[in-house]
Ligand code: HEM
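In structure tokens, one chain follows: the form predicted on its own.
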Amino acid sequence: MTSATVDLSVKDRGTLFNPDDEAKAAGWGTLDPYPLLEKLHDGPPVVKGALEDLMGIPRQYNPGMWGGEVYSILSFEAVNKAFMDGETFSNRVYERLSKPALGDTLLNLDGGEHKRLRNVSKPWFKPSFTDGWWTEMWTVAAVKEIFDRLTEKDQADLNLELCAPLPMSVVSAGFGIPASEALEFRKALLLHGSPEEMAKGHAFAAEMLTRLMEERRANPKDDLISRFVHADIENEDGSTRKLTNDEAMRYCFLIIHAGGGTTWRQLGITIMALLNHPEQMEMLRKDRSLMRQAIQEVTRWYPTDTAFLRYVEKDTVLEGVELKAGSIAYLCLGTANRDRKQWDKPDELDIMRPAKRHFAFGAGAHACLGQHLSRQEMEVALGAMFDRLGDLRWDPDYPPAALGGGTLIGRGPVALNVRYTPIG
């Protein structure tokens, strides 16, 4: 039988998933941002200054590269207003963060151009499609294969053997990239190094994707590459046309790039949180109707990203504070998702907490396109974990699990070393 999933080695993890060298060099590593954010809860909702400066840590971002002033938006209400006012708080800030690597994509575009491009793939990531096509075609098979491997033994690093390969495998398969090529494709797309090395990696990924797109133009299949190359996009005047190869490629690059990282980290955070709260893990194991509520709570309590950036397009006033055009604004999810006015005891994890809107996947026009797919992958994986890994517990032969990555973005477990009794 042809493998449906990517099987990662420790070396692969080092290439694709470890905290970046810059974060480690700055001494961030396993630094937990939440104790540093706690002192900001009782202050004003909008504060002048970069978030890292307010926290007393080295900067992960360099807002000075844009010029202008810098502000941190902290409260739930203020963050919500900024997310919902895309004309004032735009994603143009990412032109210097993502555009050099990925070109113009949903991440840095705004307004009508962003809406028209997003509408192309929006139907393929809505809840009914993710619960149906994605789950039935790809997620269930990938989860089964991963757990078939896990149950051949009684201990594992779930970060390396479950959390990392699952979303990579699902997104790659859904796009139509064979599992045998998915790892090399992603390595090329995420290659770090000199500009020449990065250009070589992207050229390799572009060549592979171009080949697949041309094959799908001639012989469409039930995958996203086929959908993209045959999709219609609306022009500004209301007429329609097909996506160009370049547009389809940049779309694929962005979704494949994002589709592996966020779910990998958030699933790892969820497993780590449950193992550290065994009474809540047992409640969830016994009552699976709590699954979506539990995932919603963990993503509120500890999202992979603590803050997003926005570019202030025009002079504005937010919560009584004047923000000048050309400024950079930190939208702090870490404080907004633990706002004392919105939640009772927000620093505590409580999977019985009624589900309530939060910002782990953003909000407004740039809310994460793949958030429903991400939640569904986590739900299927956690269900299999309970069904097939009995007596799941931390492995005492390893140090306690810790979260790593940048302080503000890309946080996730360094390892999840566990023991269990295999079932099935």
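Position 1 is the first residue in the sequence shown; the rest follow in order. All of these numbers come straight from a predicted model, not from anything done at the bench.
From this point on, the text means the form predicted in complex with the ligand, which you will not see here.
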Exercise. Heavy atom within 4.5 Å of the ligand in the model of the complex: which of A329, V143, V171, A294 fits that? Just give me the one.
Key: V171
Quiz prompt | Listed residue (P63, P45, P33, G370) with a non-hydrogen atom within 4.5 angstroms of the ligand in the model of the complex | solution = G370
Quiz item: Every residue in F76, K81 and K341 with a non-hydrogen atom within 4.5 Å of the ligand in the model of the complex?
Solution: no
Quiz item: How about R116: is it within 4.5 Å of the ligand in the model of the complex, going by heavy atoms?
Solution: no
Exercise. Indicate whether the ligand has at least one heavy atom within 4.5 Å of a heavy atom of F147 in the model of the complex.
Key: no
Self-check item: G362 within 4.5 Å of the ligand in the model of the complex, heavy atoms
Solution: yes
Quiz item: Though only this chain appears here, would S226 touch the ligand in the model of the complex if you measure heavy atom gaps against 4.5 Å?
Solution: no
Quiz item: Only one of 195-203, 226-234, 263-271, 343-351 gets a heavy atom within 4.5 Å of the ligand in the model of the complex; which is it?
Solution: 263-271
Exercise. Give, in sequence order, every residue of 287-325 that has a heavy atom within 4.5 Å of the ligand in the model of the complex, or say none if there are no such residues.
Key: T304, F308, R310
